[in-house]
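First, one chain by itself: the form predicted on its own, in structure tokens.
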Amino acid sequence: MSAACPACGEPLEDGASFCEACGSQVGAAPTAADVRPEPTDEAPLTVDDLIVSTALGRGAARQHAPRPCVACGGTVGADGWCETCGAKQPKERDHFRETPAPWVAGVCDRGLVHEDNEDAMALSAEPAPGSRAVLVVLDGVSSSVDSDVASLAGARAARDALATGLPQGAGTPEARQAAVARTLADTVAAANAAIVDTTDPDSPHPASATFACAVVEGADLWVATIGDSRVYWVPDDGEPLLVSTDDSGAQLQIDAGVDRETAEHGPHAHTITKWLGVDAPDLVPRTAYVALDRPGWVLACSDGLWNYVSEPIALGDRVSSLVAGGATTPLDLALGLVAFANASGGHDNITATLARVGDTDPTTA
């Protein structure tokens, strides 16, 4: 079987360096040009700076930790240029990656249309493949102020709230389910408190965000969501599953019997009915559980990705195509999914976070 383009999925000619269908470079990580950085004279603002500068004032002096070049992996200098290959880098908040363990990774990207990246993610993982991981994705609402700061603060607060294992309950499945639901509700409350803490109390449009969290503990997957960021389960063998349920106008129509394709392309499809923030109407998350009984991928993502592959089967096909094309690690796959969303238009911020489960070696998917 011929290899497939990691961006658009079209078949590649043997030895091809670029895809004839979409023009994407193949066989390499996205370059600085792929993520469309915009030249700037300002010192680059790091993801950590965003929270600090909001508390101290945006003119506060900042220190910059070295970060890897998106083109070659070299060190990026304080001026925003790679000291190894000379490539101009995107602002760190526009495109950043996390790999807390080889079997867990994520990519958060501005996309091609929005001026700012208001998506955020925060990940944690134990070293042993398939042991324990936390994937958190928040999508800041673009019509609110400082949602980029708030979403990052909320994502990190949720990750930290889940630093220890989920409760076991009183020994019965029902007791454990109730105990986990309480913990996940407390996690949402922690994320919301962080958002409130970074919000100007006098803001006419206070920061707000959607929320999705996936906790992998061995063969157990626990999920909590508010809004329309999602969690999918994509097994290697078997039918992919949309684990989460949206709080959105589209979901209201689906609940009323409208088919998903029609509902998700209607005029109010992306109107969210629940969110995090000062004016949040309801902080009780939707929760779900899946037994991970075979190898596969847990994916938590924002709508900047699933807009283009909403149906679980379509998403599963996309994942399979990328894996067949060589994206065998979580970071490779996350980069491929982000590249696909950008090649499809990049109309929104994009976040893809993944945990590989069921393998002793996450690089042999």
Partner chain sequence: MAEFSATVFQNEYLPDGGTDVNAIVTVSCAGAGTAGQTGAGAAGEIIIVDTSGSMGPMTMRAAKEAASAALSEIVDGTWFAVIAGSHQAMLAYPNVSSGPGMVRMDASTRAAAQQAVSNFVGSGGTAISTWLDLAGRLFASVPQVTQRHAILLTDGENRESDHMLTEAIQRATGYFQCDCRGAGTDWQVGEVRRIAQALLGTVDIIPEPEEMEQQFRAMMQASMARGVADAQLRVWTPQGAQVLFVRQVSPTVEDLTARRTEVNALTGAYPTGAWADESRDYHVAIRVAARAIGQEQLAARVQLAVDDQVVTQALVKATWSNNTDLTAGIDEQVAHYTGQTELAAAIQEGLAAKASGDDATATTKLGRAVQLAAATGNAEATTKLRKVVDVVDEREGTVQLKAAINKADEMALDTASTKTTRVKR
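Positions refer to the first chain, counted from 1. None of the values given here were measured: they were computed from a predicted structure. We call the rigid core the largest set of C-alpha positions that still match within 1.5 Å between the two forms.
There is another form of the same protein, the form predicted in complex with the partner chain; it is not shown, and what comes next is about it.
K.L.:
Any idea which of 199-207, 178-186, 146-154, 85-93 reaches within 4.5 Å of the partner chain in the predicted complex, heavy atoms considered?
P.N.:
After filtering at 4.5 Å, what remains is 85-93.
K.L.:
Counting non-hydrogen atoms within 4.5 angstroms of the partner chain in the predicted complex, say which of G77, P102, P167, P235 makes the cut.
P.N.:
Comparing distances to the partner chain in the predicted complex, the residue within 4.5 Å is G77.
K.L.:
Does W81 make contact with the partner chain in the predicted complex, using a 4.5 Å heavy atom cut-off?
P.N.:
Answer yes; at least one heavy atom of W81 falls within 4.5 Å of the partner chain in the predicted complex.
K.L.:
Once the two forms are fit on the core, has T198 moved its CA by at least 2 Å between this form and the one not shown?
P.N.:
No: T198 shifts by under 2 Å between this form and the one not shown.
K.L.:
Aligned on the rigid core, do the two forms place the Cα of S144 2 Å or more apart, comparing between this form and the one not shown?
P.N.:
False for S144: its C-alpha shift is below 2 Å.
K.L.:
Establish whether a shift of 2 Å or more occurs at the C-alpha of T187 between this form and the one not shown, with the two forms superposed on the rigid core.
P.N.:
It does not, since the T187 C-alpha is displaced less than 2 Å between this form and the one not shown after the core fit.
K.L.:
Assuming the CA distance changes by 3 angstroms or more, are G86 and V113 closer together or farther apart in the predicted complex compared with the shown structure?
P.N.:
The answer is closer, because the C-alphas of G86 and V113 approach each other in the predicted complex by 3 Å or more.
K.L.:
Shorter or longer C-alpha distance for V113 and K88 in the predicted complex, given it differs from this form by 3 Å or more?
P.N.:
Nearer in the predicted complex, by 3 Å or more.
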